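Just the one chain here, the form predicted on its own, laid out as structure tokens.
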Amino acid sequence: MRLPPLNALRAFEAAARHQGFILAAEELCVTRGAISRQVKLLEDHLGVALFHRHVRGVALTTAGRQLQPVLSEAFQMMMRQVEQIAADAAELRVICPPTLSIRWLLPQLEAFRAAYPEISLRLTTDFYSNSGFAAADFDLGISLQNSRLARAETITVLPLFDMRLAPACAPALLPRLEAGPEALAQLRLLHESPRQSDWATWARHFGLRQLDVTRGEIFPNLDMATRAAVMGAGVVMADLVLCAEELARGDLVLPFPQMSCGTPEGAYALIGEAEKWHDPKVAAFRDWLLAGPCAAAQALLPA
């Protein structure tokens, strides 16, 4: 036996739930006659009466009472799943490292939400890993580009802007660095991670072999190291984009403005599944990111 027409099932379920045709018709935006016809079509299909019809209205038969809860549950399940699929289609989940989120991406997200109100953007401040896409935890990741990402065939990696490093300090410390980079030996170095790779990268790039890059204070992230530098605690290896606010306000200055360098980590990059790279919500965020935040970030870097 084939399933009855969906319209007939829907009309009966609404009529059974409302215990009448009038309210069912209002709910489904049809006429009372249309509900009556669909219910009759279903009764003919099943070969059994579902309603007792009398002057005062209708009442469910035994068969009608058996069918109504099954249909109600089925339609509720379908509605919940449809709503969930629609919500998932409209939600864009982005994962971005904490410091990059706080210092660059998060302050600009309201502009995206205003431009694309139909997309519900959810930001997770954490570090990207390839397993995230497989687990459907997020749609896009923002991270530093490296060779491991470049070799992955299942993802697309789009460079956004370079990570550019230069020493920065509070203005009060500037006179103590007028003699040149060698004067850094007299000041405390502030490291943005226990790896201490920030100062090592910069010293190696400019051939400053005599500079002891293991000295100084170690912080868990760039945000804390930058705050310490603003307080005058030492010299931080600033990311020119992520520290742009302090540099623009004059809370930090560059003692050697011509001495900035990139890192082995490469550029900050947008990472997404190759098969979903052109999905409308992904494309909207990607295009907005390139035209706005990334263009502004690139303008802060030396040509």
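For every residue, the number given is its place in the sequence shown, counted from 1. Rigid core (definition): largest C-alpha set, two forms, superposition within 1.5 Å. In this text, all values refer to a predicted model and were calculated from it rather than measured experimentally.
Another form exists, predicted in complex with the DNA; not displayed. Remarks below refer to it.
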{"property": "In the model of the complex, Gly20 touching the DNA (heavy atom, 4.5 Å)", "result": "yes"}
{"property": "The DNA contact at Gln68 in the model of the complex, heavy atom, 4.5 Å", "result": "no"}
{"property": "is_contact(Asn7, the DNA) in the model of the complex, heavy atom dist at most 4.5 Å", "result": "yes"}
{"property": "Interface membership of Arg53, the DNA in the model of the complex, 4.5 Å heavy atom rule", "result": "yes"}
{"property": "Stretch in contact, per heavy atom within 4.5 angstroms of the DNA in the model of the complex, of 60-68, 241-249, 260-268, 34-42", "result": "34-42"}
{"property": "Partner contacts in the model of the complex for 277-303 (non-hydrogen atom within 4.5 angstroms of the DNA)", "result": "none"}
{"property": "Flag for Ala34, CA shift 2 Å or larger between this form and the one not shown after aligning core", "result": "yes"}
{"property": "Core-aligned CA displacement of Arg10 at least 2 Å between this form and the one not shown", "result": "yes"}
{"property": "CA of Ala59, rigid core aligned, shift of 2 Å or more between this form and the one not shown", "result": "yes"}
